[in-house]
Ligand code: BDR
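Next up: a single chain in structure tokens, the form predicted on its own.
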Amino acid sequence: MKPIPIVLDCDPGHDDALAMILAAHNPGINLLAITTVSGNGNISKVTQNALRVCALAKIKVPVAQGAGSALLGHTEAATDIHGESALDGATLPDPIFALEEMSGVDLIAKTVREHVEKVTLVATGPLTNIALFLKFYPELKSRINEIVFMGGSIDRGNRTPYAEFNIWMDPEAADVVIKSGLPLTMCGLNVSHQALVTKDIFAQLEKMQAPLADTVIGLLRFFASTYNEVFEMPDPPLHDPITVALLIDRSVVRTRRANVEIELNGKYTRGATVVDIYNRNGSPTNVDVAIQLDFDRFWSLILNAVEAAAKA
């Protein structure tokens, strides 16, 4: 099977960093470009993090800085989880190449327009750049194969009781994407909380005895400490790489077709994903919603990618 061409739109972020490594170092993916969006940290921090992860993991693709705030201007960093740098826990190398001069949205458009095949957009941060791309470049919509995003939940949230952070940061953008009519796959908290970084996973990373693996361990141990402090989860969930893993091997994630709507106005529920699993409203289904993760297959992909990056 030919590698799947993707653009990765991210806000690194500990779990975004592993999504980058998986996308760059698995032969099932053709990583064409990386774009950044304000989310886990402000736009300048997450963009620098993206460049530093590229240097760490020998990733050589164009990187462009995207939206610095939500469509309505909101911005808020997840410092309680990702630290002041948005990627605390280890020292990362300095960037080895410069940003593209064009914006992240324009890089998405350029990549989609010029690539010979349809492109899959993978979003692991707020959906601002993806929504802007759809609004500014409607003529390229037919060049999109699928949009896979980490966000939302069929259960409860992590930024508010009912809203997951990425959707909560820019629910208007998420609403644009949900209503785009394109093939969509949503990887929410309900499935990412099955992708836990356990003691055994740390042990397997330690066995690699590689500087890159040691850096990943440092990042994930910081992530574990904040998740335990904030959410009482000693084994942190590795949310973002699920979006890439399911493209490599669809059996990694079991999905269910459902109608999904974004709550834009609720006093206590703004940013919630309303997932009609049992079709109680009778509305047309519009999203493949991730339900169950194959833990062993998922972690096999992640560990193999880290090892490949360490040897690159």
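Every value quoted in this text rests on a predicted model; they were computed, and no experiment measured them. Just count from 1 along the sequence shown to find any residue number.
This next part talks about the form predicted in complex with this ligand, which is not shown.
Give a yes or no on whether each residue among Thr36, Asp106 and Phe133 has a heavy atom within 4.5 Å of this ligand in the predicted bound form. Answer is no for this spot.
Want to guess which of 276-284, 63-71, 261-269, 239-247 is within 4.5 Å of this ligand in the predicted bound form, heavy atoms only? Residues of 239-247 come within 4.5 Å of the partner.
This ligand isn't shown here, but in the predicted bound form which of Thr185, Gln194, Asn158, Thr226 has a heavy atom within 4.5 Å of it? Partner contact (heavy atom, 4.5 Å) among the options: Asn158.
Though this ligand is not shown, can you say which of Phe222, Tyr162, Tyr137, Phe165 has a heavy atom within 4.5 Å of it in the predicted bound form? Answer to the contact question: Phe165.
Counting only non-hydrogen atoms and a 4.5 angstroms cut-off, does Thr124 reach this ligand in the predicted bound form? Because a heavy atom of Thr124 falls inside 4.5 Å of this ligand in the predicted bound form, the answer is yes.
Leu205: heavy atom within 4.5 Å of this ligand in the predicted bound form? Contact check for Leu205: no, nothing within 4.5 Å of this ligand in the predicted bound form.
Taking this ligand as it sits in the predicted bound form, is Ala174 near enough to touch it, meaning that at least one heavy atom pair lies within 4.5 angstroms? Answer no; every heavy atom of Ala174 is more than 4.5 Å from this ligand in the predicted bound form.
When the contact criterion is heavy atoms within 4.5 Å, does Leu189 count as touching this ligand in the predicted bound form? Because a heavy atom of Leu189 falls inside 4.5 Å of this ligand in the predicted bound form, the answer is yes.
Does any residue in 132-153 get within 4.5 Å of this ligand in the predicted bound form, counting heavy atoms only, and if so which ones? Stretch hits: a single one, Met150.
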